[in-house]
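Heads up, what comes next is one protein chain in two forms, each shown on its own as structure tokens, labelled structure 1 and structure 2.
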Structure 1
């Protein structure tokens, strides 16, 4: 990329500020007025330079058809993740049978970076209900990203289906002689013990999206 002129830098800065404030791009006349340029043809010329140098992308058929390339690349790195429901981090709550799990309609979809999803497939999200994982910095209302798996290693944070109870819970998984211990990450709460045949792992936590405020 060649060095931009002062005018081109001002135009680029204005486009970026405009997008941040309004979340849609400026028109050529917006740029003309804000950057004190004499004519739309001069604006058009400088936009052509910015596009040629890879700073923006233009759609000639759209009046506000200016897009910052770095903003576009960031958006392209986002992946949609379905939030399929809530999961209790405290006491288990009833959920549909596990053979219907993958068929649940997502109540909402969140767009997250590929860094968060780690490039994994079969990633879904759950909102946490309860405070049994506060010691793991997972609180009520947070979103946990889950990768669908059917087996877990000791210490992994997993969503577990308790078959006899028809309930699901989010706990740390530990295999002990003759039983499974599902451990809350909260010193004020007791673990859940279950027979191995009663436990079905439905996913493991790969990331947490914390709700601030």
Structure 2
């Protein structure tokens, strides 16, 4: 990647500013005026250089057919995550049905990088209420990122739906002979034992986010 000329850098940053303001790319003549160039062919020439050097991508014969490469890369790393409610001991989670996943209406949406969600699909978020998870280093008010799964490995922190009781809690999951042990992360609380038929896994915790004052 060669070093850009002064004029090329000005063009590049103008395109960036233009996109920031308008959300669509400038025309060649927009660039011409902004960078005080006297001919469209000069702009065309320098845009070709910028494309050859990998800074932009051009679509031939298309008005405003300019795309910033780093902008595209950044956009592709982002995932919108719906925050769909709160969780606390004894309160049900309104877990979305897995079918209408894309169109769910969440009051809050957090955009996170794919590094955080590990590129997983079916990710949602819950706000934790109470200190029942302090031993899992999860505090009151934390946001837990959940992935929708229906099966869990031993020791994983999962949201489980207890059918008979009609409630959902966040516990560590252990499959034992003839029963399932749901271990609270808080050591002062007792484990819950449940029959396998009564337990429905609704998701596992894949990340924790906390904001401090």
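Just so it is clear, the structure is predicted and the values come from calculations on it, not from any experiment. The term rigid core refers to the maximal set of C-alpha atoms that superpose within 1.5 Å between the two forms. Positions refer to the first chain, counted from 1.
- Source of structure 2: the form predicted in complex with the DNA.
- Relative to the superposed rigid core, residue 175 undergoes a CA displacement smaller than 2 Å between the two structures.
- Once both forms are fitted on their rigid core, the CA atom of residue 51 lies 2 Å or more apart between the two structures.
- Residue 20 shows a C-alpha shift of 2 Å or greater between the two structures [criterion: core-superposed Cα displacement of 2 Å].
- The Cα position of residue 42 changes by 18.4 Å between the two structures once both are aligned on the rigid core.
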